[in-house]
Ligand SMILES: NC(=O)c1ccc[n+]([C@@H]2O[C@H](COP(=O)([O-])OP(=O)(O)OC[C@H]3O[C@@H](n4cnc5c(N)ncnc54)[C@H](OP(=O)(O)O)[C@@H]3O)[C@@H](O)[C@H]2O)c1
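We begin with a single chain expressed as structure tokens, specifically the form predicted on its own.
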């Protein structure tokens, strides 16, 4: 069966590298992000058929437009959703502003959860599908100064576990990816950052995601824990 993958956050970092790796494996992609210029840079590296969809996933309702568009490209395919869009603002919970809390929960938990919910009817109709939620090691391991980010990622981790329990016998798999520090543009605006040379390259996380997507139908990858060689960082 032909595979069509929606990749959010495809303008940079893990999302971009995952889109490129999926395309290199011959998988059709729908590249989703807010910045069309950056999406065009990703598209230039994708050899397999691909489409661009500009959307701000923080706005409720955008998930409907994304999934409707991907489905309109033709049915009779295995839908795949890669939830790689995200953002982080690190700092103590005491210093956390209400706006920052709202942004991090909205983008890292509610937006991907809405996409999961919206893509389900399509996957159930096709009798197959795969959802990959790109999380963080802080979804299961407390780390100071990551309160809102960790809460959102932990929430999406449990959301994915429950979803998997409900739909895996219907042909739909859910994979949660929990990496330690990854070298992505998310660090660019951070006052504190580990040595980026010690982080996991985004391309290696992408390779692991593609392997999980291609592992079926005889094996399901429920969780992927990926760590830098020196540890959490």
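Numbering follows the first chain given and starts at 1. The model shown is predicted, which means the values in this text are computed figures rather than measured ones.
The following text describes the form predicted together with this ligand, which does not appear among the structures shown.
In short, of 159-167, 92-100, 73-81, 127-135 it is 127-135 that has heavy atoms within 4.5 Å of this ligand in the predicted complex. Contact with this ligand in the predicted complex, defined as a heavy atom within 4.5 Å, is made by all three of 12, 56 and 186. With a 4.5 Å cutoff on heavy atoms, residue 181 counts as touching this ligand in the predicted complex. Using a 4.5 angstroms threshold between heavy atoms, residue 85 counts as touching this ligand in the predicted complex. Within this chain, residue 31 is remote from the site of this ligand in the predicted complex, having no heavy atom within 4.5 Å. For residue 193, no non-hydrogen atom is located within 4.5 Å of this ligand in the predicted complex, even though that partner is not displayed. The partner is absent here, but in the predicted complex a heavy atom of 107, alone among 107, 154, 148, 119, sits within 4.5 Å of this ligand.
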